[in-house]
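The chain that follows stands alone, in the form predicted on its own, written as structure tokens.
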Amino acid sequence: MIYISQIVSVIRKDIIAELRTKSTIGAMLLFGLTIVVVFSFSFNLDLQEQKNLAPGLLWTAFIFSAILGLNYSFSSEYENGCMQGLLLSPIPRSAIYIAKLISNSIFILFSELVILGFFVWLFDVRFTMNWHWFVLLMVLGTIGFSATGTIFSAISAETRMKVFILPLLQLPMTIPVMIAAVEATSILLGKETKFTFDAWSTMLLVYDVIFITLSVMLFEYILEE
């Protein structure tokens, strides 16, 4: 119970800080919505072409807005000296990682929902009866992206070129997430593929479990470095 309360305390701190500044979510929404608007005016597609391209365009907006948000994940801690306080407090290093993972996932999911609304409106794409499966897909994909993004954000937070280092570290590692998310979304929109939705969603779930486990084990050593 103490472990859970420590995680909740860090999450509460992140949410309160974000509600005061709105810097992370604001930047993510501005960037993500800009991408969607640019895409909508760049392509003159018929209905079938929209369905074929929609998954890739949508997840491109999700991923790049998420990277922008993850850049802020540990910035405030290092800039304001909060990280030293967290490290000196009796909180397990793994609890800090899990709390940051949950906070990042909440912020990313919120921005994704807003971006999705604009995307559906501009591209006239409907998930009809499959919306609940797409919500599950968004959760699995976001957790997978946050799992690696959180630990890479901790690595790059104190570097001078963190804005460039985080994408260089994260994007290659999250290629399985991007492929699985795009293919599963295509299936929900009615496109036939070699694999089923269950196969792609299972791939995302396995990825989440593996990288969260590895990150929890390695996070303490990363902070010490």
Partner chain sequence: MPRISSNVLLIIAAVLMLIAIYMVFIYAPTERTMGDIQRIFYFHVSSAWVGFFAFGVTFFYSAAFLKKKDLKWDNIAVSSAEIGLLFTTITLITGSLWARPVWGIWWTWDARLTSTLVLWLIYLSYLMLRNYIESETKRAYLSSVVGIIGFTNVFLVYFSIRWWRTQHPAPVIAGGSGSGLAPEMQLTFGFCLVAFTALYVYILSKKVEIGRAGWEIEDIYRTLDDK
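Positions refer to the first chain, counted from 1. Nothing here was measured: the structure is a model prediction, and the numbers come from that model.
A second form of this protein, the form predicted in complex with the partner chain, is not displayed here; the remarks below concern that form.
- Using a 4.5 angstroms threshold between heavy atoms, residue 38 stays clear of the partner chain in the model of the complex.
- Shown alone here, residue 30 lies farther than 4.5 Å from the partner chain in the model of the complex, counting heavy atoms only.
- Among heavy atoms of residue 152, some come within 4.5 Å of the partner chain in the model of the complex.
- At the 4.5 Å threshold, heavy atoms of residue 43 stay clear of the partner chain in the model of the complex, well away from it.
- Contact check for 118, 122 and 163: none of the three has a heavy atom within 4.5 Å of the partner chain in the model of the complex.
- Along 165-182, these residues reach a heavy atom to within 4.5 Å of the partner chain in the model of the complex: 165, 168, 169, 172, 173, 175, 176, 179.
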